[in-house]
Structures are given as structure tokens and as C-alpha cells.
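So this one's two forms of a single chain, laid out as C-alpha cells and tagged structure 1 and structure 2.
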Structure 1
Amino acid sequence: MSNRLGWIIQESPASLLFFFYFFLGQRQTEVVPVLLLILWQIHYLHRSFIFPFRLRGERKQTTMLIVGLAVVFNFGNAYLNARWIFGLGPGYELSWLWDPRFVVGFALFLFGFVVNKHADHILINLRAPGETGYKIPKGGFYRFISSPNYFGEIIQWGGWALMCWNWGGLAFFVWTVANLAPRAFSIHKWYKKTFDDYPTQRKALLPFIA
């Protein structure tokens, strides 16, 4: 199937199921669960229904196996996080909003979201319409690392794990690192192999570190 259609199919369950479990639960009027819902949807509504229409190269294809595996993950991940927040967990008092774990997690989530989206914007606009070939991305956190989109997403879901402070959030963060870190190092290796003038000071995933 087309890459765009596959992307919508595989990512949309994360957004739609979160809404479903929110309305299924009993915490629609509680401030913290509603705020967590908004933050989750800020990411996944964009990821599911806006980002795929910004992609260029309509002829690119994806396989149904990749789409199917992503659907399974997003079903499970949305269930673990949403069911705990909106029903199975003990709930969040209003005072959780100024707990250091929530404050730091909220800041990390927003920071990671901005880094991720800015990096995606740079990649999407790397080539002019009709232009082909590969280029070295520049600007933003690309000054420091080869995959700031992955770096931002890891930071974002690390912040989510802190805000939620439950096993579902932690599992999502661990999965994100396990999934994106190897890809970041592989991309860094490819850049260095492909471009002789690739910036030598640029790291793979962690600025100034690795």
C-alpha cells in the first residue's frame, strides 16, 4: 500500500483508542487525566492525520507486515497507558500538577515535542519539489546530532513517563529508546559513509556524547 495510507492506518489507533478509553472511564472531569489526554493527542493527532500529508514522494510504498506490526504495538501501547490513567490506576490528585515529577516531565515532553517537530520540518523541506538525491540536513539540533527527530521523541516520552509515573508510561519510554536508538546510530553511520564532508563534530543521538 502507499506509504501515506499505511502511516495513517498504523498510527491512528494510538489517537482513537486514547479517546475511547477516556470516554469509557470515569475521570472526564479530572484535571490531570484531561491534561494527559491533551498532551497525548497533541502528538498523535499530528502524527496520524497531519504528518503523513506533509510527506513527499507519493509513490513510495510500505508493506502490510510493517503496518500490521505497528497497529499491534499502538493498540497495546494505547491500552496500557489510557486504561491506567482513565480507569485502572489510583488516579491523580490536583496536587500532582506541582509534583516535581510532573513539572520536570511536562517540561521534557514539550521540549522533546518541539525538537522532534522542528527536525521533521527540516527533513521534509530538505529537497525542493521535484529535486532528487540526498543532502545533509542542517539547522536546529542537526548542528549536534544526526537524528534530532529521534532524540526529541525519546526525550518527549521520557517526560511522559515522569508525568504519568506508572508502568505503562515507563514501558513506552523503554520501547521508544530500544526502537529509535539503534536506528539513530545506523543513520549516523550511513551519513558518514555517504558524505565525505559530513560534519565530524556531529554525534549520532546524544549531543556531545554519542
Structure 2
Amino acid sequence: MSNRLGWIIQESPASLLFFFYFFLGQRQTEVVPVLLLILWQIHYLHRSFIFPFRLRGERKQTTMLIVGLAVVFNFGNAYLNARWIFGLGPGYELSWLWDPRFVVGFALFLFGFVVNKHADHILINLRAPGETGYKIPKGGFYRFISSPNYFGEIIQWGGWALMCWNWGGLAFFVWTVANLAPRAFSIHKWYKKTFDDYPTQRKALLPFIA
């Protein structure tokens, strides 16, 4: 199927299921659950309905298997996170907003979100409309690493895990690292092999480290 349709089908369940459990639960008037809902939706509404339309290379295809596996993941992940936050978990007092875990997690979430979106923006704009092929990305965190989009995504969900302080958030963070870290290292290897003039000081995923 088309890559664009694939992104919409695979990512939208994460957004829809979060809304579903929010309205099913009893915490619609509590500040922390509402704030977590907003942060989740800012990410997933963008990822499901804006990001796919920004991609260049309109005719690119994906497979039903990849989309199917991503749908299964997004159902499971959204269920684990939403069901606990809005129903099964003990809930959050208003004072949780001043807890260092929430404050640091919130800051990391926003920082990761901005790094991820900026990196995706640079990557997408490497191609003119209708153009195909690959170039060396430059600017932003690309000065330090080959995959700042994955770096930002990992920081973001690390922040989420801290803010939520539950097993669902931690599982999502571990999944994100397990999924994106190997990809970042293989992309870095590919860039170095493909481009003779690839910046030598650039690392794969962690600025100045690896």
C-alpha cells in the first residue's frame, strides 16, 4: 500500500485509543491525566495526520506486514499507557506537577519533541517535491549525530516514562530504544559507506559518544 496511507493506518490507533480510554475513564476533570492526554495527542495527531502528508516521494510503497505489526504495537502500547493513566492506576494528585520526576520528565519530553520534529523537518526538506535519492543532512543536531530524529524520540519517551512513573511508560521507552538504536547505528554505517565526504566527527546516536 502507499507509504502515506500506511503511516495513517498504523499510527492513528495510538491517538484514537487514548481518546477512547480517556472518555471511558473517570478522570476527565483531573489536571495531570488531562495534561498527559494533551502531550500524547500533540505527538500522535501530528505523527498520524500531518507527518505523512509532509513526506516527499509520494509514490513510495510499504508492506501490509510492516503496517500490521505497527498497528499491533500501537494498540498494545496505547492500551498499556492509557488504561493505567485513566482507569486502573492509582491516579495522580495535583502535587505530582511539582514532583522532580514530573518536572524533569516534562522538560525532557518537550526537548525531545523539538529535536525530533526539527530533525524530521531537515530530513524531509533535503528533497525537492518529486525528487528521490539521498543527501547528507546538515544543521541542528545533525552537526553531532546521524539520527537526531531517533535521538529526540528516545529522549521524548524517556521523559514520558519519568512523568508517568509507571510500567507502561517504561515499556514504551525500552521499546523505543530497542527499535531505534540499532536503526541509528545501521543508518550511520550506511551514510559513511555511501558518502566519501561524510563528516568524520559525526556520531551515530549519542552526541560526542557513539
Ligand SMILES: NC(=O)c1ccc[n+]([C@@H]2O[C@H](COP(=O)([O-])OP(=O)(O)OC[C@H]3O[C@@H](n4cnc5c(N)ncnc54)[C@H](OP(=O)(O)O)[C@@H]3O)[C@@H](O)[C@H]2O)c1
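Throughout, residue numbering runs from 1 along the sequence of structure 1. Note that this is a predicted model, so its numbers are computed, not measured. If you superpose the two forms and keep the largest set of C-alpha atoms that fall within 1.5 Å, you have the rigid core.
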**Study point:** Form predicted on its own - structure 1 or 2
**Key:** 1
Check your understanding: Do you see a C-alpha shift of 2 Å or more at Ser95 between structure 1 and structure 2, with the core held fixed?
Key -> no
**Study point:** C-alpha positional change at Pro129 between structure 1 and structure 2 - rigid core reference, Å
**Key:** 2.6
